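Only one chain is shown below, in C-alpha cells, and it's the form predicted alone.
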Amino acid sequence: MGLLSDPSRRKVLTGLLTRLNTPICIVCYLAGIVWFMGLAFEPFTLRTYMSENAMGSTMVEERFSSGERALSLAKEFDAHKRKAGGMPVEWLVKAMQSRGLEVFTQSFSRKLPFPDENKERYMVRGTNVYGILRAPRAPRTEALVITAPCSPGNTNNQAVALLLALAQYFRNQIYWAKDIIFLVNEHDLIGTQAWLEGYHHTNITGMEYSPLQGRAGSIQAALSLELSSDVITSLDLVLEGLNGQLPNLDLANLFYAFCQKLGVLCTIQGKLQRNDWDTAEGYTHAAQTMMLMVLKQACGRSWGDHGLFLRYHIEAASVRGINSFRHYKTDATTIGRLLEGMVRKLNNLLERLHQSYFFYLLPSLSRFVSIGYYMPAFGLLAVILLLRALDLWVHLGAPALAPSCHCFSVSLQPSSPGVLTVLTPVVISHLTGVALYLLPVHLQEMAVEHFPVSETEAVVLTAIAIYTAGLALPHNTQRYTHRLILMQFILRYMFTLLKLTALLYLAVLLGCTALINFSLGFILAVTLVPITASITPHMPKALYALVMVLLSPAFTILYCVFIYQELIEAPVSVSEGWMLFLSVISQGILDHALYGSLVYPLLALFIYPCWLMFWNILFWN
C-alpha cells in the first residue's frame, strides 16, 4: 500500500507502466494464449473425483435385464409412430398405464418468429406424455426425471422403448425415496420447454400450453436419453446447456464411474479418452476435446433436452448412444443397468448436487480444469484493456494535454460540441445495435414482398445488411468544433477520451460475459483485444480497416464454424462454411426467441456497438 500512497513511488510506477505498456501488453496476450492451450496438458489438470458423499460408491447391484424387451418395444413404438404420422399419444398413455404409472398429457403450440428451415417447421403443435412413479418410502417432496424425445422418423425409438422398460422395472422396486417422472416429449426442445414451464408455472417464452394435471415433488436431477440404433458402440455424455450453463461436475463423475464399473465405452465430445498424455498425439487429442467443449459452450445453445433443465437449477445431462461401427458393442441391457445405477445413486441424495464444480472444462472424462485454472488465461487478456486505459488516462492528465484555458473549459459543458463529439458515436453505435436486434425479424414480411427470398433468408440477410451498414457510420462529429480556437488540441483530447471509454466498456463487457460463459468471453477477447488495444486514427486506414473487419464479431463466428467442423473431422468448403454461417445466425435468433438464449442480444446490443466505437476511432479525422 505504501507504493500506491507515496506520490513519488506512484509516479515512478505509473511512468514504468506507460513506458513499457506495449511490451507488457504483448507479453500478456501471448501468455494468455499459452496458458489456455496448456490447460489440455494432463499434469496441469485435476483428476475427477466424487465430492458428494451420497454418491461416493458405485457398490450397488444393478439387476435390470429387459434389454431385449426394450428392443422389441422400439419396433412396436416405431410401427405405431408411422401409423399415427407422429407421436403415438394414445399408445404411449396405455403403455405407461399398463406399467403402473400415473399418466398425464400436455398439449402445446408455438408459432416461430420465422420458419426453421433446418427442421422444416413454422407453426408447432404437439403433445407431451409423462408418467409418474410415486415414491413408496418418502413424502413425495422430491423427484427425478428421465426423458426421451420423440423425434421424427426412426430417430430415438430405442430411447423411448428403454424408458418404458425402465419404468416397468422401477415399478417393482421398493427402495425409491423420490418420485420418478418418465417424460416423452414431442418436438425436442420446444416440447421440453413447454413441459418445464407448465411444471414450474412460468411462461417466459410466449409458449401456449395446457396446464399440467399431475405433478411430483421438486425436481433434483434429470437424464435425457438419445438412442437411435439397436447396436451401440459407445455412450457420449452431453453437458452443454443454454447460455453455456453446465451441470454439477458430480453428475459427469457419476456417469463415468458407472461406465468404468460396467465396462461401457464412454466419450466426451464424441472422442475417446487416451492415456498417452505425454506424447504430442495425446496432447493434441485432449486439446481438441477441450476446444470442442469451448466452442459448443460459447454458442449458447442447448445441445440436448437437458440444457433447458439447467435454467431451473436442475442438474441434468444427456446420454447419447453412438454407433460408430467399432468392434466393441454395448447391448441395451447394459445401458439400462448403467441408467439404473445412476438413478439409484441420485435417489440417495439428501440435497441438491452442490459440492462439486459448476464451472469447468473437460479435456477428458477423467480430468477436468476448474475455474481457478482457466480464468487466469482470460485475465491476462482482459488486463491488456486496463493497461491501455491506464496509459490513456495518464496521458489525459499529463501537462502537455491538461486543459489550462477558458476556451477548453467551455468545450466540456454538456451542451458543447466537444462532449457531443464523444457522445454521438456512442449513441449512434448503440442505436445501430438496437436496429440489428429488432429489425431482422420485424422486416421479414417487407423483405419477402420485395425480394425473391424466403422468410428465413430475409431475416438473415437483413441482419447482415444492418451489420454491414454500420461500417458506413464513422461519425466524424468533431466538425462541430471547427469554430474553437484550439481545434486540434480538443480533437486529440476527445479521441483519447472516446478510446478510454470504449476500452473500459469492452473490459466490463468481456468480464461480465466470462463470468457467465467463460468460453464466449475468451473467444471474443482473443479476437477483439489485439485490435482494440492498438487502434488509433494515425494508422493506415485501409490496412487497419481490413484487419478490424477480419477480427469483428461476425468473422469470429465464421472462424468458429470452420474450426468446429475441423475438430469434428468434417471439414467443409468455403461455400459450405458460408451456408453453415448463415444457419448459425438464424438458429441464434431462433434460440433467443424460443428458449431465451442470450448470445444474440449480447452480440447485437453490446459487443457490436462497442466494436463500432473503435471503428469510429480508426476513422477519426
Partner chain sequence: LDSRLPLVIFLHALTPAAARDEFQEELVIRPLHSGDIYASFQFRTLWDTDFLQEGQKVSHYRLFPKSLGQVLSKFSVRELHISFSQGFWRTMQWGQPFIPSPPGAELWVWFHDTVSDVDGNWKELTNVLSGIFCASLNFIDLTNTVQPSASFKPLGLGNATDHRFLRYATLPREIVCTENLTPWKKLLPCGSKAGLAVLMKSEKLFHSSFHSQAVHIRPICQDEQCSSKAWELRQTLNVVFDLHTSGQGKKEWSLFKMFSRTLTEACPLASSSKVYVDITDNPELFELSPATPLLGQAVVLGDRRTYSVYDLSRAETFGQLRSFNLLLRDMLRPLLHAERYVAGFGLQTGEIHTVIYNNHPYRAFPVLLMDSVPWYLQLYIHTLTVTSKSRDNKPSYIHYQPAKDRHRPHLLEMLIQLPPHSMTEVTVQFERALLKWTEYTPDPNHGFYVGSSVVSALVPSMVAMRTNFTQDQPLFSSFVPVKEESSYFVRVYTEPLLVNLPTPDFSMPYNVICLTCTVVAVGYGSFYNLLTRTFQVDEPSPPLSKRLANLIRRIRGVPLLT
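As the structure is a computational prediction, the values presented were derived from the model and not from experiment. Numbering follows the first chain given and starts at 1.
Form predicted together with its partner chain: not shown, discussed below.
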Do Glu102 and its partner chain come within 4.5 Å of each other in the predicted complex, heavy atoms counted? yes
Hey, in the predicted complex, is Glu142 touching its partner chain, heavy atoms inside 4.5 Å? yes
Is His201 close enough to its partner chain in the predicted complex to count, meaning some heavy atom within 4.5 Å? yes
Within a 4.5 Å heavy atom cut-off, is Ser98 in contact with its partner chain in the predicted complex? yes
Within 4.5 Å of its partner chain in the predicted complex, counting heavy atoms only, one of 153-161, 75-83, 201-209, 423-431 shows up; tell me which. 201-209
Within 4.5 Å of its partner chain in the predicted complex, do we find a heavy atom from each of Ala135, Gln220 and His354? yes
Option touching its partner chain, based on a heavy atom within 4.5 Å in the predicted complex, out of Tyr312, Phe359, Tyr437, Tyr283: Tyr312
Tell me, out of Arg121, Arg215, Arg125, His395, which residue has a non-hydrogen atom within 4.5 angstroms of its partner chain in the predicted complex. Arg215
